[in-house]
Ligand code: PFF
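Given next, in structure tokens, is a single chain: the form predicted alone.
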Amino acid sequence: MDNNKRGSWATNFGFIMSAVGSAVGLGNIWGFPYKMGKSGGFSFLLIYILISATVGLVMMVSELAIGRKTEKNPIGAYRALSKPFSFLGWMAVIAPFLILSFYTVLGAYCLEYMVVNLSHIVSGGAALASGAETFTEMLISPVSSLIYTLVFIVFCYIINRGGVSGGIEKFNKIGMPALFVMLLIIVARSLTLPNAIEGLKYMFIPGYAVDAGFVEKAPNLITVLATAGGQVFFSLSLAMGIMITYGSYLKKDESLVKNSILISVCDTIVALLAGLAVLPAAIATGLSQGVAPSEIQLGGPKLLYITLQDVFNSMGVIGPIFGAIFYLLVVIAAITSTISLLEVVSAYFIDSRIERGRDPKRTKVISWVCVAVAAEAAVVAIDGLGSNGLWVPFQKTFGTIGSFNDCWLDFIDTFAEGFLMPLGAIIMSLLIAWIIKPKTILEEISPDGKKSFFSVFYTICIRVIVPVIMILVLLGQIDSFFALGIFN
């Protein structure tokens, strides 16, 4: 396939920033710190790093190698490797498309929060409403949510239509360093708040979250492994077709192992900084207001849209300034992830046109993909996390099982992140381990064919460690969505 028509990365730095940008998203900000605290603090971090250095590294190297070897989108790549397993490519394209339905809406909420804080700075008006009031008003205003969602999608469309190097890479080379600087600003303010030390203890002292009453009970080892594995899996954008797509634009002289290590390390650093930015501030503000530790929202969307807005409200005159900076960095994180998801879906149609000898017409393809995403996102935006009474499939049938169908976001998330992604990762590892054999990937990593420590390490991980951990992740997802108590 002609890569001149598909596009390629102009620089390795641009690729690293784009890959890290894809990995750094909303999950890093509201998921990593909370899971770290409730799952044992520093002990969770050690397990997370261990899984990242094995499962995360091996899967990322595999996906980048598959992409670069085939120079195709996920569907074409798996078809080229093993035609009977081409369904894996469809899973890796359908999952991002479904995720875009709600990820764009969550990004739009962040955009709206940024505007709320900026408006207060410009107008110098009365005190801002509480985080709960702001979020509730947002959810029950479907027209406003839909408008912000469309604006968010247009931003991403403009970036993606610029191409791999002219759009995605160019934005990430500016956006990711800017995000890092803004994170440091928020971290500095967060750590200087009274009682901020309690947030640091929550994150880094094993068992402190339970002892201090933030979490009801400590999880067992299997739960921690499943939680850490799941966070690594989703944080590094694995089994979403992203790394296969990005890998297909890589030059042959780039080191896949070195790049994968850099991406993993950068993602973990940003996740830790996000934790330092939000948890000490959230805990400090909650305790200073007399809120019981168990009542402070430290995870999920409520952390981002309710707890943190209350934190900025409590800072007085400078609060909206820090609020605007924080939500701007979250918008950037949401955009960098969204454009990578859009690229996965778009790459399939672009490659299909090239294979048929037609002009790729990137702008036209991106336009139609964004229209399709806007259509599915409209349902999620109007639903308002279940606030506006929209019908949700199976809601009455399985209404007492977990929360997978409480709203359209949960319903879609269950199938995309709960099943398609971890199941795809398990099958991919088995495909590499026993069908096409690890040497297929290792030959792409090291064309000279020399056996090295990494080749032995890779073979052991892909055949044993990756399938076991990914099965735990899948069970953990099922347990989480359906509240089955598998690991209790």
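Each residue number is its position in the shown sequence, starting from 1. A quick note: this is a predicted structure, and the numbers were derived from the prediction, not measured.
The protein also exists as the form predicted together with this ligand; that form is not presented, and the subsequent description refers to it.
Using a 4.5 angstroms limit between non-hydrogen atoms, residue 26 touches this ligand in the predicted bound form. Using a 4.5 angstroms threshold between heavy atoms, residue 183 stays clear of this ligand in the predicted bound form. In the predicted bound form, residue 240 approaches this ligand with a heavy atom inside 4.5 Å. Looking at residue 373, you'd find every heavy atom of it more than 4.5 angstroms from this ligand in the predicted bound form.
Listed stretches are 407-415, 337-345, 114-122, 312-320; the contact stretch with this ligand in the predicted bound form is 337-345, by a heavy atom cutoff of 4.5 Å. For the candidate set 305, 234, 214, 148, a heavy atom within 4.5 Å of this ligand in the predicted bound form is found for exactly one residue, namely 234.
The single contact residue among 171, 103, 152, 327, judged by any heavy atom lying within 4.5 Å of this ligand in the predicted bound form, is 103.
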